[in-house]
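The form predicted on its own is given below as one chain in structure tokens.
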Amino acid sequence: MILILKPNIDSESRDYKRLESHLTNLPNIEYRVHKVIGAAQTLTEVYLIGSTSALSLDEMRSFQAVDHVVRISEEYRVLGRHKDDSRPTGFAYNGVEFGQDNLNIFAGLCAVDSPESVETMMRALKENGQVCTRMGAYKPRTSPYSFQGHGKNCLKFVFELAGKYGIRVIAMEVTHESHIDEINQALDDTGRPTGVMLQIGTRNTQNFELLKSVGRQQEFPVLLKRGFGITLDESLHAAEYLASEGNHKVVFGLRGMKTNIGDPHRNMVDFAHIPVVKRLTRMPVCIDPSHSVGGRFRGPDNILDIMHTTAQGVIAGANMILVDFHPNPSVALVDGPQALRMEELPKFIEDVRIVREAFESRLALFSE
């Protein structure tokens, strides 16, 4: 059961203390309090854990501190979409809205290699009206001898250039809790010119201690990629780990499943699960066409497979696109063969706009 308290309620108020006293005395039930800080108001959600089926909804609604009550109807307690659940399906961060009804493009470098590449990318994004990007500083790799990313050594110039070109949010993978501290320090050192969305990669989807650490910090939103060899349910529970620790600003990423059935693509595209995730949870859904396809394959229609795959995700209702670009893919230190080129960025953005309009037309068709 979830109790949503009245907006901006004071935890020292009489009404709050009365509710707190009642919950403390409930047998075999514990509760967790989460604060959801929005642009205009702060919401307090109280999660009751244990044998709550016998609790009366009317009794809980009778407390002056309580705005409304939601009975848990899905396994994903915090992020799930429950019956009569009117909680929002998104969040705002650093001036950018993330939700199940909009779309953001995060085009950028899979791995940061040089200040020149970063500046070229960010300049192109600004020229094309974009305010989000991806920049990999920490790169988990299959081989211990492969490039692992420049780590904290590249953070300052990445953040400074983001500020120079008006980039508001950078998606950046972390593989250890110490990376959060390094990102925070670099942001402080550069005057916080931009924002960061922490990314949990597919190899770490079930690194539960990392999930707990990232979930405990509530400043940065999180992009959690689906694990490449586990079920959707297992990956959604991984997202719940983040939320159970207090961070509700979670985007769920689909990046293809590891199987040779998808050959010649790098992974089997799983974008048909976009509406499934949106039906089961309140999370916005991201697609990663670059790591799904894994190469610059092109059909007889002269359209790259990556663009076709992106269109499949957008037409199914994706809310975020994570896509690799590079000024010179032939010298990229990570995933160069799948990177799109700077001159392809305007067409990519326009193609996304066309398909998004088609999706919105579909929404209008089925709303009648």
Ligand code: PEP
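Quantities reported herein were computed from a predicted structural model and do not represent experimental measurements. Note that residue numbering begins at 1 and tracks the sequence as displayed.
The following text describes the form predicted in complex with this ligand, which does not appear among the structures shown.
Chemist: Name the residue from Val277, Cys110, Val214, Ala239 that puts a heavy atom within 4.5 Å of this ligand in the model of the complex.
Modeler: Selected option: Cys110.
Chemist: At the 4.5 Å heavy atom threshold, is Gln199 in contact with this ligand in the model of the complex?
Modeler: Result yes; Gln199 sits at the interface with this ligand in the model of the complex.
Chemist: Please tell me whether any heavy atom belonging to His150 falls inside 4.5 Å of a heavy atom of this ligand, as the geometry stands in the model of the complex.
Modeler: Because no heavy atom of His150 falls inside 4.5 Å of this ligand in the model of the complex, the answer is no.
Chemist: Is there a heavy atom of His273 no more than 4.5 Å from a heavy atom of this ligand in the model of the complex?
Modeler: Taking the distances in the model of the complex, the answer for His273 is no, it never comes within 4.5 Å of this ligand.
Chemist: Could you confirm whether Leu322 comes within 4.5 Å of this ligand in the model of the complex, counting heavy atoms only?
Modeler: Yes, Leu322 sits close enough to this ligand in the model of the complex that at least one of its heavy atoms falls within 4.5 Å.
Chemist: Out of the stretches listed (97-105, 150-158, 134-142, 180-188), which one is close to this ligand in the model of the complex, meaning heavy atoms within 4.5 Å?
Modeler: Correct option: 134-142.
Chemist: Across 246-268, which residues bring a heavy atom to within 4.5 Å of this ligand in the model of the complex?
Modeler: Residue within 4.5 Å: Arg255, and no other.
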